[in-house]
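Listed next as structure tokens is one chain, alone, in the form predicted alone.
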Amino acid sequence: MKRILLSLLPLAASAHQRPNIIWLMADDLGYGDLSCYGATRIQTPHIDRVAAEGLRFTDMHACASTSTPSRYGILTGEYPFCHPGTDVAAGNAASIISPEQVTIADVLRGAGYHTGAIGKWHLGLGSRTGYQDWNGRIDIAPDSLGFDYSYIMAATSDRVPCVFIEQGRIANYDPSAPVEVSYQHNFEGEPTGRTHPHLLTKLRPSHGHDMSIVNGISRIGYMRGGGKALWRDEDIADSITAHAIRYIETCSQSQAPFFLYLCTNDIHVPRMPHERYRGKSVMGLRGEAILSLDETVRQITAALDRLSLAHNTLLIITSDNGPVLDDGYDDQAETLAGDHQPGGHWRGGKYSAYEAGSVVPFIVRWPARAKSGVSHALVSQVDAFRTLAAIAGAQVPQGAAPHSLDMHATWTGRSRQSRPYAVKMAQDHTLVLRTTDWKYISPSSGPVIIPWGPKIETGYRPHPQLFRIRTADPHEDHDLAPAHPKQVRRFQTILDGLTEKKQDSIKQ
């Protein structure tokens, strides 16, 4: 059983000064996908408004270039490569975070916050992989990890089960259609995208994604049942946003502050935003999904304004990892992108060791305490744990959040101080270390290009790579490792120290 000892710190002298906190995280949104970050082929006026009123960061690093490990790092304050099982999770994976681990939700709840998780989860559910009680109460859900309320997708929209889970049970459960899930075999008589392509009435796969069909779209994995509980992709964003607003409204009636971990499905595949966006973007479905995300931000900020909560609400808008165009569905994202650069001026994309894989948008708005403007400080999402705890006036228990730093002064614009370094993990576990000036990629035997479909450079090489990232080579074109062996050894020693601690932890 986890033990949490919490106390108020001077930063939050009294309860009414502690802000509400909303961590609003998009899915696969690139550094260059927002107009406030330079996009011209798409306009995101509502996110731009938050950026204009808050602090926009240009050098924020996710913990990984894929979803599951990135989210693990945020909630636990631990680098995902230091914990076993943090690869991209299947929809029937067991909970990657154990109930004994301390999460930021635990700490904030212990400090008097009401805590909610709404939207994409993708960190596993239940105590055993493949043995979740989908038709009853799942034994390990977000409520076991510090969240008072949850309304989540088990994994991603391209993976079964295609139902929402509310408080550990399938939302709108249909007893006439019990749910079965497998990632090993299909269920007798169930059509798949591979065997029944004529049933794919909305999207067809470009690679993989040809298993169970739900809502005219084939997925990864197999499921049977669901009935009335099955989602309609076009309504996912509206459902997540509506539940988030309802949660905010409920919390506003309480004297306690709230922490909302709000994870949208946009702009992850399959991209099938509501029909009202159809034809509204020259970039097709991917552009429409970005517009859907912008509308979610509009509705959330409007709710905060209506409830007179905006002034003392810390609103953070970010992404879990970098962008990808063709990630498994033939939605013409590559063709219709035109001259749009989803990764901005960075090289690579989702899955990659190059910067576009893990440098993400990061916007902080807190009218009561945070400054507005632009920050070029080097920051990392792994610091969410200790930074939010400090802002809330909560003490982090000994041993928790081992890699997280308190960066609240930088995140609120009161300091320009950068993190000493940020460490990230690429899809094949290649480790990357960034300082304000240098970028180091550890050796890897992986392929140069992602082999299963996306046209993304991985950055993997069998030798160490070193780039003068900020001042001379932001596109990572000129490897300086042979000319700077001392820097290479220094950075590799830091990474070796982290991985050695991982091995010691596993042995224990």
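Quick note: we count residues from 1 along the sequence shown, nothing fancier. As the structure is a computational prediction, the values presented were derived from the model and not from experiment.
Not on display, but discussed next: the form predicted together with a small molecule.
Q: Using heavy atoms only and a 4.5 Å cut-off, determine which of Val88, Ala303, Ala370, Cys82 is in contact with the small molecule in the model of the complex.
A: When the small molecule is considered in the model of the complex, the option within 4.5 Å is Val88.
Q: Only one of His268, Arg386, Arg434, Arg365 comes within 4.5 Å of the small molecule in the model of the complex by heavy atoms, so just point that one out.
A: When the small molecule is considered in the model of the complex, the option within 4.5 Å is His268.
Q: Flag this candidate site as yes only if His207, Ile220 and Tyr351 all have a heavy atom within 4.5 Å of the small molecule in the model of the complex; otherwise mark no.
A: So, yes: the whole triplet contacts the small molecule.
Q: Can you pick the stretch from 274 to 282, 90 to 98, 157 to 165, 139 to 147 whose heavy atoms fall within 4.5 Å of the small molecule in the model of the complex?
A: Contact criterion met by 157 to 165 only.
Q: Should Asp33 be counted as a contact of the small molecule in the model of the complex, where contact means heavy atoms within 4.5 Å?
A: Heavy-atom contact with the small molecule at 4.5 Å: absent for Asp33.
Q: Are any of the heavy atoms in His122 no more than 4.5 Å from a heavy atom of the small molecule in the model of the complex?
A: Judged by the heavy-atom cut-off of 4.5 Å, His122 is in contact with the small molecule in the model of the complex.
Q: At 4.5 Å between heavy atoms, is Thr458 in contact with the small molecule in the model of the complex?
A: Heavy-atom contact with the small molecule at 4.5 Å: absent for Thr458.
Q: Since only the chain is shown here, I'm wondering whether Gln132 would be in contact with the small molecule in the model of the complex (any heavy atom pair within 4.5 Å).
A: Close contact is absent here: in the model of the complex, Gln132 is far from the small molecule, nothing within 4.5 Å, heavy atoms only.
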